[in-house]
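Shown below, as structure tokens, is a lone chain in the form predicted on its own; questions about how it binds or moves come after it.
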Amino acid sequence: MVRTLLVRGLLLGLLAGLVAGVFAFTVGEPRIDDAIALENAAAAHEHGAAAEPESATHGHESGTHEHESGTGGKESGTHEHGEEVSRGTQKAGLFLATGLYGLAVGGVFALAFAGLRGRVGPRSDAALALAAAGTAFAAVIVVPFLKYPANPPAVGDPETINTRTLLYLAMIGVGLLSTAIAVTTARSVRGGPWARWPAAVLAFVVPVVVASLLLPGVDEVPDGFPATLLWQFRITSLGTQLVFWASFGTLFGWFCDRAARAPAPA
């Protein structure tokens, strides 16, 4: 049975990843193009402003000036020497990335579903699949997003990427730990659903709020960056994950329900 669930999770995860890729390509890529255009315009402005005084006093050394000024920032150097990966290739690779993401998440989800099946949650496999997908989306996506929302490519200091990654992973850990505490609380509280559900929600929210207050914030959005573009990028980023988890949870639940209705072999 575990093998069947694993194969189902991998295939449906791949399909949901491709669906999410279509959403990201259609809705998210235009926002990235806008952010990159702003980054290029800002870089061109900085290079132009830096070149003017140098050319006035050292015009005969202009051949070496570009390389000296390029050490002022890694991103500036990238624009001088051209893109290492074209935007067309990046857009095509988006579907590969979301497909591989779906494969990995689908496999992990299937193994977790096999462990939860019959132990916690709804008795129906279809309802358990939907509940597990919704819980995973809240714990692994929404919780870290609320503390460390996604930023466009033009936003963020490359030198802090490791720190930001660790902080994001820490919030994912908080989300998973809070989920485990909430499930344990729901199973231990007596008095029916009117007592069980508020206790479970409180057990989930309290650790998330405490961690959000204790962990440092990250604010690297440059002054003057369009707030509307930043908001649209973050919403589409969260929307891509919502499309993936909604598609995957629905497909996984539907196949579970279909398997349960199938007649037993003679």
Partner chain sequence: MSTLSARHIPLSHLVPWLLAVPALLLLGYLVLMDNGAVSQTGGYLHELMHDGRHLLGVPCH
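All of these numbers come straight from a predicted model, not from anything done at the bench. Residue numbers count along the first chain shown, from 1.
Below, we turn to the form predicted together with the partner chain, even though it does not appear here.
- Only one of 169, 180, 146, 195 lies close to the partner chain in the model of the complex, with a heavy atom inside 4.5 Å, and it is 169.
- Proximity to the partner chain in the model of the complex, defined as a heavy atom within 4.5 Å, singles out one entry of 138, 131, 94, 189, which is 94.
- Residues 38, 226 and 230 are none of them found to lie within 4.5 Å of the partner chain in the model of the complex, as judged by heavy atom distances.
- Of the heavy atoms in residue 34, none are within 4.5 Å of the partner chain in the model of the complex.
- Residue contact check for residue 165: one or more of its heavy atoms lie within 4.5 Å of the partner chain in the model of the complex.
- Interface membership of residue 155, defined by any non-hydrogen atom within 4.5 Å of the partner chain in the model of the complex, is confirmed.
- Proximity of residue 89 to the partner chain in the model of the complex: non-hydrogen atoms within 4.5 Å are present.
- If you take 224 to 255 and check each residue for a heavy atom within 4.5 Å of the partner chain in the model of the complex, you get 233, 236, 237, 240, 241, in sequence order.
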